[in-house]
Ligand SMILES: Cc1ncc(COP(=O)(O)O)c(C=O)c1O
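A single chain, nothing else alongside it, follows as structure tokens in the form predicted on its own.
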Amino acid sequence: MPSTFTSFNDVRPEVASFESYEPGLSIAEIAERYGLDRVVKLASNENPLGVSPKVREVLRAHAVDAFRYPQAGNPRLVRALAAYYGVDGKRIFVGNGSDEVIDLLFRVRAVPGVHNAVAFRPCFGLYPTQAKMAGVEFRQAPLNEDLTFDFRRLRDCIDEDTTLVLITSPDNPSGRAAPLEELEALADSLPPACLLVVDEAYVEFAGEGSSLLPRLDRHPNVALMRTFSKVYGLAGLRIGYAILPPAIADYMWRVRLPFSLNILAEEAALAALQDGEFREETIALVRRGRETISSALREMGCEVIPSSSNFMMFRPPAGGPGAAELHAALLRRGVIIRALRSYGLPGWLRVNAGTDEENALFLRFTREILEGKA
């Protein structure tokens, strides 16, 4: 029979209209664009301390093993995470960043053209893109005007065909943490086949009592996602994980690509879990920077959303340079923060806490720009 192939441009309808995730600007591109010798990046919520010295030692020691395939299923990391959190290892799933976890949740849980998924608006950009790639209807409920969580509106989007509800807490880009009682009430109200996924990528910065982890046994329909990218400083190695109902974790492992987490990433993650000193140093630095930046921005007349994360969302005062102008002026001086146009918030900006020196530089330049000294 003759081939029905017509063109290399023939792709799935979801792909033809796909809009990719918009990442933050890189240090290299800003340095090249403006001819700068030094660029400070406070846009991607990365760890201001970089990589733990203990992790660096482990990476050097295991670089010689880079020719080896990792053990399928990453059993050592699964056991370590289960012990660290005090949960059954059958609930742990490990992926190539939280991105892979999110992608597989849609592929495993949702039937294209049948099921839908629900989240707030704005939300992490990968939720809608991976829903679209999976052919799944993606519904969103707006946050309140002050970016607090409107769970009544969220519930209005949920029906018997909703298979996933995704909540980020602390949220991105606002930094607000969802009240645990509200999350529990939401879990209790969901249809029987619906999974509540709470993305806790930033939960370590929020303090004790901000995670649903101690309450998971009460809610068999709740999953938690976490990452080594933030508090552990391993964003470049792409290590994400989830604590799931055991049956879902089993299916996720069945369909995950066999070696998606590389051997050096696994060794780094194991070392990071054991380096409590680095973790606590990171949290202390971030909280100090969060308070310093928030207070200083408010003194400049900016509106700052109260944050439980390692970043702050703020709006410049009226009557001066707007968000786009401030963002562009900071780039010219070699400071990258995040414009929030892609979140549907063109008047707002997001900045993560850096080192004390980086925070001071950002604040000095911001003050000068707002005062017309740029």
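For clarity, every value in this text was computed on a predicted model and none was experimentally measured. Numbers follow the displayed sequence, beginning with 1.
The same protein also exists as the form predicted together with the named molecule; that form is not shown, yet it is the one meant from here on.
From the list 132-140, 84-92, 151-159, 198-206, the contact stretch for the named molecule in the predicted complex under a 4.5 Å heavy atom rule is 198-206. Judged against the named molecule in the predicted complex with a 4.5 angstroms heavy atom cut-off, the residues R290, S294 and T366 are out of contact without exception. Interface membership of I239, defined by any non-hydrogen atom within 4.5 Å of the named molecule in the predicted complex, is confirmed.
Within this chain, D99 lines the site of the named molecule in the predicted complex, having a heavy atom no more than 4.5 Å away.
In the predicted complex, at least one heavy atom of S229 sits within 4.5 Å of the named molecule. The named molecule is not shown here, but in the predicted complex it comes within 4.5 Å of a heavy atom of T168. Interface residue among S211, T163, N172, T282 relative to the named molecule in the predicted complex, by the heavy atom within 4.5 Å criterion: N172.
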